[in-house]
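Read the single chain below, which is given as structure tokens and is the form predicted alone.
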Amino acid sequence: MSGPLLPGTVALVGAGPGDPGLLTLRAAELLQQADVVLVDRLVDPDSLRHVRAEAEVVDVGKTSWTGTAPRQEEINAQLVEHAKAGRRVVRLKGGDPFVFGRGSEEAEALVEAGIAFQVVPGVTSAIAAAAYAGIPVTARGYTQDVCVVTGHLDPDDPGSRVRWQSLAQGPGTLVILMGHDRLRLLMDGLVRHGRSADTPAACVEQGTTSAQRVVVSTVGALAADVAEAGLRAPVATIVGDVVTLREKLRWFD
């Protein structure tokens, strides 16, 4: 088991997908020890109940539609500054720090500054949002593989490193995070690269929370159905035959 959070060190902690009950015991333990907590926008405020009253909580949440939040380089600098001041620092991140959470960038900045750190994994929304919607990302008789990708860039963007052609032609489950704003482009790209437009697909808005909403459709119709339902980010998109299991396994809603 990892030791206590020492002065001058940083813990990169995953807060989970939204439901504060999914915060790990280790995460709660470190929050109780922290002198300063740098927290993401998507972290449920109830997760902060573990923080001591005298500790400092700093909101460093980023959004895609505003330029007022700190840049990643500024967050990295704050982590280094607090640690060098001898504080016990927790960087509380939504989901898992190393699943599209830029945790590796923060860890690299700490290494370069000579600051010791530890990583506490969190429950990723890639698995949890689907599970709370009654959709197992793998199921015997349906698929034995799952791929999690970012939908931050559309399939034709030269900056995208996602191999959409391979994913479109694969038989497994595809989970797309951060793809709400480009959903039509992403679904059109899958069809263009070989995935059937009739493939079952679903979007889960604010998965694991009381505000969760789910739209079940097909790859060809998902974007239109999500727009009609008015789903807003954060949304997890699941593509594959496992989506059909929701009809029997929907438990949360």
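For every residue, the number given is its place in the sequence shown, counted from 1. Everything quoted here is computed from the prediction, not taken from an experiment.
The form predicted in complex with a small molecule is left out here; the points below concern that form.
Visitor: Report whether the minimum heavy atom distance between residue 207 and the small molecule in the model of the complex is within 4.5 Å.
Guide: Yes.
Visitor: Would you please decide whether residue 235 lies within 4.5 angstroms of the small molecule in the model of the complex, comparing each non-hydrogen atom pair?
Guide: Close contact exists here: in the model of the complex, residue 235 approaches the small molecule to within 4.5 Å, heavy atoms only.
Visitor: Closest heavy atom of residue 90 to the small molecule in the model of the complex, within 4.5 Å or not?
Guide: No, residue 90 is distant from the partner.
Visitor: Is there a heavy atom of residue 99 no more than 4.5 Å from a heavy atom of the small molecule in the model of the complex?
Guide: Yes, residue 99 is a contact residue.
Visitor: Spot the stretch among 133-141, 99-107, 113-121, 70-78 with residues whose non-hydrogen atoms come within 4.5 Å of the small molecule in the model of the complex.
Guide: Correct option: 99-107.
Visitor: Which residue, 57, 221, 216, 42, is the contact with the small molecule in the model of the complex, using a 4.5 Å heavy atom cutoff?
Guide: Spelling it out, the residue with a heavy atom inside the cut-off is 42.
Visitor: May I ask you to choose, among 174, 177, 83, 183, the residue with a heavy atom within 4.5 Å of the small molecule in the model of the complex?
Guide: Selected option: 177.
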